[in-house]
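First, one chain by itself in structure tokens, the form predicted alone.
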């Protein structure tokens, strides 16, 4: 994990996501998930590109089941896009860099 992507937990979810001053993309993932591992470098690149504009965080569904259940995460990777503490968009499954970049721009009006 680079300095651009923050690993969060149920204990830090509210502070890091719901109370964030900037829009947040949350990656619900697990270590055993192949598509999640494919998503990781794309997520890292975008976190670097959007540094200061959008926060990128990851939460392990195996260690944080309650949060995954609260947001009805049924398959991973699932990306949830939060603005002002509310989910505004969702992406289920792997997405390449450019389409994901478009989704971030659309979700957050960038």
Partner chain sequence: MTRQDTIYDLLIIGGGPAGLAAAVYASRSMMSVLVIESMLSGGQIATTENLDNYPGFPEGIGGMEFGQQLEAQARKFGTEMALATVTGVSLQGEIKTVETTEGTFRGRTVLLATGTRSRPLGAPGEEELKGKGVSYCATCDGFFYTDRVVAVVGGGDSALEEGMYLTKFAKKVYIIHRRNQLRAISLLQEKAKDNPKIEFLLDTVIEKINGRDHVESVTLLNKGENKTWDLPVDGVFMYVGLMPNTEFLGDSVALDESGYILANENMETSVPGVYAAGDVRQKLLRQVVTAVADGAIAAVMAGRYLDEKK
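Numbering follows the first chain given and starts at 1. Remember, it's a predicted structure, so these values are computed and weren't measured experimentally.
What comes next is about the form predicted in complex with the partner chain, which is not displayed.
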Would you classify residue 84 as touching the partner chain in the predicted bound form, given a 4.5 Å non-hydrogen atom cut-off? no
Can any non-hydrogen atom of residue 92 be found within 4.5 angstroms of the partner chain in the predicted bound form? yes
In the predicted bound form, is there a heavy atom of the partner chain that lies within 4.5 Å of any heavy atom of residue 53, even though the partner is absent here? no
Does residue 21 reach the partner chain in the predicted bound form, with heavy atoms at most 4.5 Å apart? no
Though the partner chain is not shown, can you say which of 57, 73, 46, 80 has a heavy atom within 4.5 Å of it in the predicted bound form? 73
34, 38 and 62 each touching the partner chain in the predicted bound form (heavy atom, 4.5 Å): yes
